[in-house]
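Next up is one chain by itself, shown in structure tokens, the form predicted on its own.
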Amino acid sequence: MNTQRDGRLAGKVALITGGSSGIGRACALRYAEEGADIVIADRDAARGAEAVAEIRSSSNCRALFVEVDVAEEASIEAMVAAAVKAFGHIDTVVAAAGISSAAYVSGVPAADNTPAEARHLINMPVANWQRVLDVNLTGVMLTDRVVARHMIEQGIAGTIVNVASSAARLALPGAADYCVSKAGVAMLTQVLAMELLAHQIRVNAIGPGFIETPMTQAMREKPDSHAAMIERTPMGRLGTPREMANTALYLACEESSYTTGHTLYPNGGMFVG
């Protein structure tokens, strides 16, 4: 039983997709620090088990891993059912599962040796485009709505935090699928926030810039690519997963009680306004 009842999420249950690594894992750890019981949902059971063990060893909070494919509605429904069976309810969700390209594998450095021209939209296989949208946009939509249905059924005034990207507002050649999927997440957040107002469910998003995660590892290991990321970031450094988790935490707790439908962009000043 959870004996930790201090913190901004004390007594809450948080479901985090993509919770085995990167920003999702940082959110899981940060939310546990603030008193939440954690359901980590991901495709990688081994890393999920590691994350659960880390939470259990560093807090008094309960933690559970559930395997999920966010591109499959039945899998998401099973994920939510497992979380509710274990903990009784879900108060907040972070929809962090995402891929940078169709070839990306969670937790594996995202090296892509495809020639730049082949990644341009006019040459991109439709299947590649569809895969990224299935995970990054439809996966977020399905996660949000299945969790929202549960919250409505139980009368929970919950919070939803989607993980978009600064790429939602920056046109990156060779990454049309990723940019469009994340722009879609930002708009999805706005529309869903308005639709769920009557149920007192707040929906917001974060749009990270370049962050030190497995998704950027291959770029960080190449001097030219690393320099390009730094050049795009006025603060002159990459962000950390914990900084993203802190932003998500704000949107998940009562400190942001008058905020819904917004995407916050923790990106080192990459753009303002």
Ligand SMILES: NC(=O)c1ccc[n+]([C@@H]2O[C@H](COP(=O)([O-])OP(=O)(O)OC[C@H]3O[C@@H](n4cnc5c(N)ncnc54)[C@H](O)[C@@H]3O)[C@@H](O)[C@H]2O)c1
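The first residue of the shown sequence is 1; numbering continues from there. Not measured: the values here are computed from a predicted model.
Although it is not shown, the form predicted in complex with the named molecule is what the next lines describe.
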- Query: Taking the partner as it appears in the model of the complex, which of 84 to 92, 144 to 152, 159 to 167, 116 to 124 has residues with heavy atoms within 4.5 Å of the named molecule?
  - Reply: 159 to 167
- Message: in the model of the complex, does V203 come within 4.5 Å of the named molecule, counting heavy atoms only?
- Response: no
- Query: Quick one: does R30 come within 4.5 Å of the named molecule in the model of the complex, counting heavy atoms only?
  - Reply: no
- Any of the heavy atoms of D42 lying within 4.5 Å of the named molecule in the model of the complex? yes
- Message: So, S20 and the named molecule: in the model of the complex, are they within 4.5 Å at any heavy atom pair?
- Response: yes
- Message: Only counting heavy atoms and a 4.5 Å limit, does any residue of 47 to 82 reach the named molecule in the model of the complex, and if so which ones?
- Response: R47, V68, D69, V70, A71
